[in-house]
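The chain below stands alone, shown as structure tokens; this is the form predicted alone.
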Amino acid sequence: MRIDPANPVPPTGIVRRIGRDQVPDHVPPELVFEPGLTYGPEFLADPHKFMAEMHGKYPPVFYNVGPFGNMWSVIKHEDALFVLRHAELFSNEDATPFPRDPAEWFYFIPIEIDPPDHRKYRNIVDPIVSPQGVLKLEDRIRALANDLIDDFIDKGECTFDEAFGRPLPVLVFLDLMGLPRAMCDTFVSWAMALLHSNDRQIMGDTLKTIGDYLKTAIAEKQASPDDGLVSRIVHAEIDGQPISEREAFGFVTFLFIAGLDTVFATLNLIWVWLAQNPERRQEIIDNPDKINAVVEELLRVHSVTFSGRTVAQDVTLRGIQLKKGDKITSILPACNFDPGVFPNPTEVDFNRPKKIILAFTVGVHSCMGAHLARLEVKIALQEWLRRIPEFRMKHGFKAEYRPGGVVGPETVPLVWDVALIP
């Protein structure tokens, strides 16, 4: 049934099943697995190795059970494309795991809005996040990258995640939103608690904290418009009518959550790889004309998110019956390691034939920030490698990962010889 974003109500007929005792009867027992995805010790030891090896350990479509929810899972590239491109079969209603107060329900807009209404909301922000829109930000992003590097280049070391990986994309995002840079650390702490706790009580409490702040920010933009996305949303119209309070709140809340962690995690992963692979780092430096292909390949092997849906009607996938109301998740990093699409998938190959990568999903619900993320990764690589071409991980480094739906190392300590700085 088509939902009304302006008058949101908690979804009906959608059941969250948790654990082996809540496996539906239509699920074949041989397809039930508990891989510990996002939280198990084997996953957390090396998440991307774990997801690359799923192709040899699990069926292409299997039923994933665990303490945070049961769902069908797909790991093949073509299956993810099918799921992500067919919103009429796989709905985004209730697609996010974040608990909300039923008395003050709202939809995360536009991710939980299916066509035809989905496009109406994207149109509000597309002028800013389109390929042409983000190119206008290039000089600003490049200047910020260099300002950040200026602060630590002469020290011969930095904690990359704190000094560069986090502030670069987050400060750009806050500027776009029209939110204060001074609250960067607070905002990031909220996002980390929400995305990495796996505790629904903590998630709910954190979401309320975020919501209380954003209500104030929205009220301020309502009274004093500016050029930021929050103001743009608050003053938007849908079908010729002013956007409702609930719509604006759901839209701003979703953007706030989505913009604070994914590029940060991606940069952390890429810089660990760069530090550990000096010859490949030099390959990037020696071939500046290949930078776009470099970005795509590094995004492929360092994807950080998953994409969940609700089965909207009974459908068969690889001969397996999925029932209306079932949950299904495309494990995007695993799909990007599909050996049938990307031969030798764990190898970083900057000369790969061009294929669709699923770092940002595809289809009508593809990530609105994908073009900005690509630009940020590109500029980060160009400016860092221009100024600090030689660096390595600090002695004794061992990557540690938090549980949660965005995959990235906890900290990235780097060192370099100041005498080798160009």
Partner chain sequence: MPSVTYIEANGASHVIDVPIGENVMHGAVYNGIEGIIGECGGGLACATCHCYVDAAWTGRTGGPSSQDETDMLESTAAEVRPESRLSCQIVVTAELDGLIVHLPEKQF
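As the structure is a computational prediction, the values presented were derived from the model and not from experiment. Residue numbers count along the first chain shown, from 1.
The form predicted together with its partner chain exists for this protein as well; it is not shown, and the discussion that follows is about that form.
Asks: Please determine whether residue 354 contacts its partner chain in the predicted bound form, using a 4.5 Å cut-off between heavy atoms.
Replies: Within the cut-off, so yes.
Asks: Can you check whether residue 147 is within 4.5 Å of its partner chain in the predicted bound form, heavy atom basis?
Replies: Flag for residue 147 set to no.
Asks: Wondering, does residue 287 line up within 4.5 Å of its partner chain in the predicted bound form on heavy atoms?
Replies: Residue 287: no, not in contact with its partner chain in the predicted bound form.
Asks: With the cut-off set at 4.5 Å between non-hydrogen atoms, does residue 155 touch its partner chain in the predicted bound form?
Replies: It does not: once its partner chain is placed as it appears in the predicted bound form, residue 155 has no heavy atom within 4.5 Å of it.
Asks: Honest question, do 51, 282 and 302 all end up within 4.5 Å of its partner chain in the predicted bound form by heavy atom distance?
Replies: So, no: the whole triplet misses its partner chain.
Asks: Can you pick out, from 55, 371, 394, 387, the residue that has a heavy atom within 4.5 Å of its partner chain in the predicted bound form?
Replies: The option sitting close enough to the partner is 371.
Asks: Let me know the one among 339, 278, 131, 180 whose heavy atoms come within 4.5 Å of its partner chain in the predicted bound form, would you?
Replies: For this set of options, the contacting one is 131.
Asks: I need the one stretch from 42 to 50, 61 to 69, 375 to 383, 357 to 365 whose residues put non-hydrogen atoms within 4.5 angstroms of its partner chain in the predicted bound form.
Replies: Contact-bearing stretch, as computed: 357 to 365.
Asks: Determine the residues of 384 to 416 with a heavy atom within 4.5 Å of its partner chain in the predicted bound form and present them in sequence order; the list may be empty.
Replies: The stretch 384 to 416, when checked against its partner chain in the predicted bound form, contributes no residue at the 4.5 Å heavy-atom cut-off.
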